[in-house]
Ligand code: NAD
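The form predicted on its own is given below as one chain in C-alpha cells.
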C-alpha cells in the first residue's frame, strides 16, 4: 500500500477541524482532512447548530403570524403550517453550507479523504472507506472528531419515537405530545420549535433548575417565559426509563406519575467522540470523563498528535472549537496562538434568546469576589417597545474595586448578537465605565447594554 504524505492531517471536518485546516493551509502547509461523513461541516453544520436554527427561525415566524402580527396591525386569516416545506428549507440551507466548505477546501488546496481515520503510529493514519484502505503520513496529526449525544441509562433509543436531537430535527409530523429529557440549550431549543408548531411539550430536568451553568437569575426569568409560552417544565425529575410500548412512548420518573407521549427527545448533554480512532495504538489514555488530555499547543501524550474541540472538554460549542482550531494552526506555524477561555460566549436561541459571557453571580459569590451589578429591563428600551419584544433584561457584573467587567448576561430579543459587544469589551479588559461612556446609536437594542453598564454605578438613565 502506497503512503501519501502531508504536513498536517486533520481527522474530523467539523468547525474545529475545517477551520484549523483552512488556517494552516493559509499559512503555507500541505493539509489533508479525513471525514467519515459524506458532507463536510460536522455535527454543527449537518445535524446541529445550523438546521436547528433554521427550524427555530421558521417556527418563530409561524408562531408570530398566528399570535403576534395582529398587534402590529397585520391581520392574517387561515395561516397554515407546511412542515414539508419547512424541512426542505432547512435541508437546503445545510446543503448550501456544506458545499461552501467544499469550495473553501478547493480554494485553499486542502485534500479531502472520505472514510474513518485511525491512528497507526509513527505519524501514519489509516483511512477506511467503502472502496478500501488508504494510508497517510503526516508530521502533525490533529484530532477534531467532536462529540455525540450522551446516552441515558434505561432509555431505549430507536431513532424514531425515542431519539436524540438528530431525530428531532426531522419529525415528519408534529408530535401530539413531545417529552424532552434535559432542560439544557438543546432540549429547550428543540422543545421550543415543536411547541410553536403545535405540539404539547413537557420538559423533564433532573436538577432543580433549567439551563445548568447559566446565571441563575437569567435562568429563572427564562423559566417563567417558557411556561408562559405553554412549555411544561418538571424539575427534580429523575427519569428511570423511556421506551416504546404498543402505540405510545412511556417515560418512568422516580417518585412521580409516568408520562405517556408519542415522541421522546433525549437531550442530556454530549460526550466526546473518541471511538475507533486508534488512540491506544499511540498510547493516548482518556481522562475520567472520556476526554483526550492535552497540554500547551493542544499536544497529546503522543508525539506529533494534537486535539481540539469537544474531544478535549470545556464548553462544547462550535465557536470554542473554531477558536482552538485557529490557535492551533497559528501555534504550529508561527509559534504563538491564543484562546481566551474566559470570554467564550454561550447562546440559547429560544424566543427570547439567552446569551452569556464570563462569570455568573453564583461563581462570584462562591469565589468570594466582591462585585457590583447593573440590570436594565428591555421594557424600558425604545427599540424593544417598537419591536414588541420587551421581555427580558441585561445584567452586567463588574469587579467592585477595579470596575472591570466580569460577566454579562442577556435574555431578550437578539441576545445572541448583543453579547458580541460584551465579549469584545471583556477581551480588551474594559470596565463598566468604558461601556457606559461608549456612544450607542438610538434607538437600538444595544443601548440596553450601555444602560446596564450605567446601572452598575446606579446611574441608568431610562430605568
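All values reported here derive from a predicted model rather than from experimental measurement. Positions refer to the first chain, counted from 1.
This protein has a second form, the form predicted in complex with ligand NAD, left out of what is shown; the following refers to that one.
Asker: Going by heavy atom distances of 4.5 angstroms or less, which of 139, 126, 269, 377 would be at the interface with ligand NAD in the predicted complex?
Answerer: None of the other options qualify; the answer is 269.
Asker: Report the residue, out of 238, 84, 334, 342, that has at least one non-hydrogen atom within 4.5 angstroms of ligand NAD in the predicted complex.
Answerer: Spelling it out, the residue with a heavy atom inside the cut-off is 238.
Asker: For the interface check, one of 156 to 164, 69 to 77, 131 to 139, 177 to 185 should have non-hydrogen atoms within 4.5 Å of ligand NAD in the predicted complex; which one?
Answerer: One stretch meets the cut-off, namely 177 to 185.
Asker: Can you work out whether ligand NAD is within 4.5 angstroms of a heavy atom in all three of 53, 152 and 317 in the predicted complex?
Answerer: Every listed residue reaches ligand NAD in the predicted complex, so yes.
Asker: Is residue 105 close enough to ligand NAD in the predicted complex to count, meaning some heavy atom within 4.5 Å?
Answerer: The answer is no: residue 105 has no heavy atom within 4.5 Å of ligand NAD.
Asker: Should residue 212 be counted as a contact of ligand NAD in the predicted complex, where contact means heavy atoms within 4.5 Å?
Answerer: Output for residue 212 is yes: heavy atoms within 4.5 Å of ligand NAD.
Asker: Is there a non-hydrogen atom of residue 349 within 4.5 angstroms of a non-hydrogen atom of ligand NAD in the predicted complex?
Answerer: Because a heavy atom of residue 349 falls inside 4.5 Å of ligand NAD in the predicted complex, the answer is yes.
Asker: Verify the contact flag for residue 207: yes if a non-hydrogen atom of it lies within 4.5 Å of a non-hydrogen atom of ligand NAD in the predicted complex, no if not.
Answerer: Yes - in the predicted complex, heavy atoms of residue 207 and ligand NAD come within 4.5 Å of each other.
Asker: If we check ligand NAD in the predicted complex, which of the residues in 355 to 384 reach within 4.5 angstroms of it by a non-hydrogen atom?
Answerer: Read in sequence order, no residue approaches ligand NAD (within 4.5 Å, in the predicted complex).
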